[in-house]
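Single chain ahead, written as structure tokens, the form predicted on its own.
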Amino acid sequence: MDLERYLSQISIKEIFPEGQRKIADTTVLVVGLGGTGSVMSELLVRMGIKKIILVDDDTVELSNLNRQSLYSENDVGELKVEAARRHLISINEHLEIEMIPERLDIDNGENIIKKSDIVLDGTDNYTSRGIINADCIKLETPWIFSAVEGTSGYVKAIIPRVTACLSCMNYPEEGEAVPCTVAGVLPSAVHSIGALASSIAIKTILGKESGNLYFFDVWKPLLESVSIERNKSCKTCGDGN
């Protein structure tokens, strides 16, 4: 482990050397390399994760550039996984990266998720999140839910059999979200939610996250934390499943 590279974060009591060793031994899966996925990927690589798996079947578009921080004008038209890999390697050449230029779906989700220690949600639709939720519960893999719209967003760690999952919250399991170019989204909201999700991921890796649902509005500004009780009869994560 390169102590000089990570000295500033190792120095804080919440991480210290033991925590950094756990981070350095973790494989992270990022599903979706848009706004939040870009931020989460970059921050976690800078914080010293062992390996990152990038999943996205999309290409970089000009309309992405105001909020998707891994990309530049030179990347327009390129697969996001390839552009992201190039930029992430420029941050840490020793990083192990696996690219999966596919859309995570009901057929490939379980096989992709089992490669990782923790999953980060950078998707923009209900169907993908429903698949992540179900497969992570089945595989007992923790994952970080995040969603952004307008000036605000949500983040929640979902730890199988410990915290409430998306089904416990009656979150929609199918459907497409309204595109950002239609619904509107503030770039600073995307970055703030991505940063918050990255912090929650680190806390989850270190076993220090409660699993509360966090709401953050960067315009007001406002941060709220809500405790949600796990439904032990939940069809997805309930004790009978």
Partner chain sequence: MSIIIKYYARYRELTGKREEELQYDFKNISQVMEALEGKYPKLSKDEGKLVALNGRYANRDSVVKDGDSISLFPPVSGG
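Numbering follows the first chain given and starts at 1. As the structure is a computational prediction, the values presented were derived from the model and not from experiment.
Beyond the structure shown, there is the form predicted in complex with the partner chain, which is absent from this document and is the topic of what follows.
Colleague: Given that the partner is absent here, state which listed stretch (69 to 77, 144 to 152, 99 to 107, 83 to 91) has heavy atoms within 4.5 Å of the partner chain in the model of the complex.
Modeller: Looking at the partner contacts, the answer comes out as 144 to 152.
Colleague: Which of these residues, Ile118, Ile131, Cys168, Ile112, gets a heavy atom within 4.5 Å of the partner chain in the model of the complex?
Modeller: Going through each option in turn, the one that passes is Cys168.
Colleague: Would you classify Leu213 as touching the partner chain in the model of the complex, given a 4.5 Å non-hydrogen atom cut-off?
Modeller: Leu213: yes, in contact with the partner chain in the model of the complex.
Colleague: Would Lys220 show up as a contact with the partner chain in the model of the complex if we use heavy atoms at 4.5 Å?
Modeller: Contact with the partner chain, yes.
Colleague: Taking the partner chain as it sits in the model of the complex, is Ala24 in contact with it (heavy atom to heavy atom, 4.5 Å or less)?
Modeller: Judged by the heavy-atom cut-off of 4.5 Å, Ala24 is well away from the partner chain in the model of the complex.
Colleague: Answer with yes or no whether Gly207 is in contact with the partner chain in the model of the complex, where contact means some heavy atom within 4.5 Å.
Modeller: No, no contact at 4.5 Å.
Colleague: If you apply a 4.5 angstroms heavy atom cut-off, which residues in 216 to 241 are near the partner chain in the model of the complex?
Modeller: Contacting residues: Lys220, Leu222, Glu224, Ser225, Val226, Ser227, Ile228, Glu229.
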